[in-house]
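Consider the single chain below, provided in structure tokens and representing the form predicted on its own.
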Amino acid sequence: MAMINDPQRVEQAYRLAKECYAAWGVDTEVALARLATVPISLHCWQGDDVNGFERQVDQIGGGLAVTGNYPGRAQTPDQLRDDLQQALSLIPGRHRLNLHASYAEPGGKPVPRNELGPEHFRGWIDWARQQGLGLDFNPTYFAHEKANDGLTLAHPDPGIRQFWIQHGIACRQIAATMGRMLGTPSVMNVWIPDGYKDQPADRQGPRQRLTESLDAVFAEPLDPNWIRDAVEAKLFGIGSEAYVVGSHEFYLGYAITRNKLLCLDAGHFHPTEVISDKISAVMLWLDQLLLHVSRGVRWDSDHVVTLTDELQAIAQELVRGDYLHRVHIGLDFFDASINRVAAWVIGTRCMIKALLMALVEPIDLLQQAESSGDLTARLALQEEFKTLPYGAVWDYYCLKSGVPVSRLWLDDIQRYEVDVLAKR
């Protein structure tokens, strides 16, 4: 404990680590400077179990489910913002917030989703400006009476389909306003739950309707300085086990032909698939990419991000391929079985740790060995690099960023739980 409480010892350990990395040709100062420029978009829905503020809901629907009843869930916009501010104070770097349309603040008067406007998010925009954050945005195509049968933009009823098209159009205007007012483009990501529990008789029709609906949503050209449109696929969901309209293949084709961002969610594929392998493939055809980083466990796609092999592989691909300036990194998990604020901190710090590990990797040595055909050296070096002292570099980064080093952030979370969360 004395080590992590003593800034001088943290700095001493860093100097030794810096020398160690320099022997491998890595400049840790360059790596840390690059790391500081990479924002992670935290997702608002971890803090309140995806309830939003339209109304209190017992079941979210749309293939989404949150388990657990840990005390202290945010129940108002101000509580959620307080919790986010607490989490951000424990995370090094400057980051973003990913907001859903269901988190609107209509001022006590219900507003239909297809009539939402920027004025219903003024509280979030003002708060984000005060915190120095960018905002990303998502239409909410679930937890609504017009989505009870699991179909929205692909619905066979033209009236229901038009409602959701209008919702998407309204959300694009909201996202563009957020981007303009905050001076940083808002990534607006479209995910829909549409699909069937059992085998459909017509797979083509819903996908044709979805294409037409998306084209209508994106019809108006908006300034890319303020908004970037993205589409997100999924393999299956609760209630859509047999068929998902917006599959990976569908959205890959749509993103390429319509010049949209493709969203790869780490939990939206078969358990034997990983998105780290997909990044370099899709980046050959797309200008930019959106990642939703989560952790799949069996059928559930949304566990808190931890420092797994796949998380490290995702970060390695982003750095090795020089994609960091072309990829938007967001998180997407919801766990109500543990302290919700701690979940944000754990997941985001792990994502940043993975990026740091990739940035201090002696990539040139690995690629030289590979290009020369010395695969023995490549494997040997990959294993040797695993024991390099990245932990000392991480502690130093936290220290210089003014956030707690090592496990000390947990003390702040425990105090916040006693002083704030437990009293709700």
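All values derive from a computational prediction rather than experimental measurement. The first residue of the sequence shown is number 1, and the count goes up from there.
Same protein, other form: the form predicted together with L-rhamnitol, not shown, and the subject of what follows.
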So L-rhamnitol isn't shown here. In the predicted complex, which residue out of Leu64, Leu32, Leu366, Val26 has a non-hydrogen atom within 4.5 Å of it? Leu64
Sole residue of Phe137, Trp191, Trp344, Trp164 within 4.5 Å of L-rhamnitol in the predicted complex, by heavy atom: Trp191
Close approach of Trp45 to L-rhamnitol in the predicted complex, 4.5 Å, heavy atom: yes
Using 4.5 Å between non-hydrogen atoms, is Phe334 touching L-rhamnitol in the predicted complex? yes
Using heavy atoms and a 4.5 Å limit, would one call Asp265 a contact residue for L-rhamnitol in the predicted complex? yes
Is His100 close enough to L-rhamnitol in the predicted complex to count, meaning some heavy atom within 4.5 Å? yes
Looking at L-rhamnitol in the predicted complex, do all three of Arg96, Trp124 and Arg228 come within 4.5 Å of it through at least one heavy atom? no
Only one of 231-239, 168-176, 153-161, 319-327 sits within 4.5 Å of L-rhamnitol in the predicted complex by heavy atom distance, namely 231-239
Within 112-142, the residues that have a heavy atom no more than 4.5 Å from L-rhamnitol in the predicted complex: Phe142
